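Listed next as structure tokens is one chain, alone, in the form predicted alone.
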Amino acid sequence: MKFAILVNEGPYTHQAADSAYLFCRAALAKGHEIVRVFFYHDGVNNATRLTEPPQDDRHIVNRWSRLAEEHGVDLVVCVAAALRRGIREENLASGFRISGLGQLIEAGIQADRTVTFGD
């Protein structure tokens, strides 16, 4: 099955980012495909390389970057939502790219299911 993933909440403030990441890992482990992960609203904060959690905490941004590197998952950040929050291309962590809402629509068309995490 092909999944498109929409993440609407930022890391460390809501469980949505962790749940989306774990869902992706589990789906890939079962042989499913992740067409794209689209970060929207506060979800764009999952993409900033400026995140520095405490050493004893998980690093959600790095998790997403590794997922993209290991599995070729397309991580797309909404340009409008990112700019509203001060996130620019040069602030993105490895594996993320900025684009428009058309990427979310395209992913929804290509996928069998779109799964949304966060409000």
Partner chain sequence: MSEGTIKKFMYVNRKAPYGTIYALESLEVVLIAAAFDQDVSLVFMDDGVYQLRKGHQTKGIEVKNFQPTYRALEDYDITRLYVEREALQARGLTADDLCVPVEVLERAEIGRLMEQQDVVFSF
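From a predicted model like this one, the values you see are computed outputs, not experimental measurements. Residue numbers count along the first chain shown, from 1.
Unshown form predicted in complex with its partner chain; subsequent notes refer to it.
Exercise for the section: Look up in the predicted complex whether D18 has a non-hydrogen atom within 4.5 angstroms of its partner chain, and give yes or no. Expected result: No, no contact at 4.5 Å.
Handout entry: 4.5 angstroms heavy atom contact with its partner chain in the predicted complex for R66
Key = Close contact is absent here: in the predicted complex, R66 is far from its partner chain, nothing within 4.5 Å, heavy atoms only.
Practice task
Would you please decide whether A81 lies within 4.5 angstroms of its partner chain in the predicted complex, comparing each non-hydrogen atom pair?
Solution key: A81: contacts its partner chain in the predicted complex.
Problem - 4.5 Å heavy atom contact, L22 to its partner chain in the predicted complex - result: Because no heavy atom of L22 falls inside 4.5 Å of its partner chain in the predicted complex, the answer is no.
Handout entry: Contact segment among 55 to 63, 39 to 47, 25 to 33, 86 to 94, judged by heavy atoms lying within 4.5 Å of its partner chain in the predicted complex
Key = Among the listed stretches, the partner-contacting one is 39 to 47.
Exercise for the section: Could you list which residues of 88 to 109 come within 4.5 Å of its partner chain in the predicted complex, counting heavy atoms only? Expected result: Stretch hits, in order: L101, G102, L104, I105, E106, G108, I109.
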